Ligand SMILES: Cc1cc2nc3c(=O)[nH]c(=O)nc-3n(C[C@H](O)[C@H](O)[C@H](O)COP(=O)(O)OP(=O)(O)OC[C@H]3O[C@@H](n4cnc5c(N)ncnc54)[C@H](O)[C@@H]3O)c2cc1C
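Presented below, as structure tokens, is a lone chain in the form predicted alone.
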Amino acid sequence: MMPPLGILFPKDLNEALNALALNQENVHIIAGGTDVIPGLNQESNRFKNTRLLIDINKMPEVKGINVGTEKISIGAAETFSDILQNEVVQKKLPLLWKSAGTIGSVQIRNRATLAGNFVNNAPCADSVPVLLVYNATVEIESLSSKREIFLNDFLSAPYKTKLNKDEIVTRINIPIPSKKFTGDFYKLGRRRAVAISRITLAMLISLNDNMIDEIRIASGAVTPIGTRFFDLEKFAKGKKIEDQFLKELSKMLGEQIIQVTGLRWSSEYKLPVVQQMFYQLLKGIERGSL
């Protein structure tokens, strides 16, 4: 049962930050509410002391998709439906556009926001691997400061981030990849829609004469938090795209996942799936490059 709650609807960021500064111990920020509201109803420990909600959904500072020459800046309260309807995102950030379409149902995508998908750092957040390979950064504001950090640094542990109690995530900034990059996103759930992710993979790759000039690899759900595999990326740089190497790289991905997570009850079925799907993503790139 949901506890008695107060709720504020600030008209702008300054009003929200002032309210947050006065109520840091018992407050939660909401935009779509698709995580907080079910959590309150289920009496989740993450929300057990919540007494006040601050709804930022109408604040202009956290809305809008702004397209620049080098980056796309997405407001924290932009929904996944907003992202799916944006033709520039579809063209310039196709992995984000694809992952947005896998989240929940139409009704959920109409409410759920991009920042809301990662700000609680749930392992199954579908957008996180994609944002990681796009080198996304997060803009964060408090009454006294404004900072911008890489999402990879923002995510610290399951359900924990570097967000301080007096801060609000305002925007997500994504550098526009050069035309030389191609890639893909893969999600496995227990059913085709309205399913929590069991495995997610995102990959961007740049080839030069059939050699790997740069590759970016990230996973979700199969690791405790969304994870970039920087060591594997470094190993692959300069290698030729050929079948035997792709098999070796896929095997190494499984080994690195074990290093991150340790052996779990689910490892027996998840690791072969991850390795096979990564191999298939790579093979798709290989076929396109020949």
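From a predicted model like this one, the values you see are computed outputs, not experimental measurements. Don't overthink the numbering: it's just position in the shown sequence, from 1.
Keep in mind that the form predicted together with the ligand is not shown, yet the notes after this line are about it.
Residues placing heavy atoms within 4.5 Å of the ligand in the predicted bound form fall in a single listed stretch, namely 161-169, out of 89-97, 142-150, 161-169, 206-214. When contacts are defined as a non-hydrogen atom within 4.5 Å, all of A31, T34 and G104 contact the ligand in the predicted bound form. With the partner omitted from this view, the residue of A112, A136, I83, I72 that lies near the ligand in the predicted bound form is A112 [heavy atom within 4.5 Å]. Think of it this way: in the predicted bound form, the ligand has a heavy atom of just one of L155, L132, L201, A125 within 4.5 Å, and the residue is A125. Under a 4.5 angstroms non-hydrogen atom cutoff, the ligand in the predicted bound form lacks F235 among its neighbouring residues. Interface membership of I174, defined by any non-hydrogen atom within 4.5 Å of the ligand in the predicted bound form, is ruled out. Contact annotation for V119: at least one heavy atom lies within 4.5 Å of the ligand in the predicted bound form. Interface membership of F245, defined by any non-hydrogen atom within 4.5 Å of the ligand in the predicted bound form, is ruled out.
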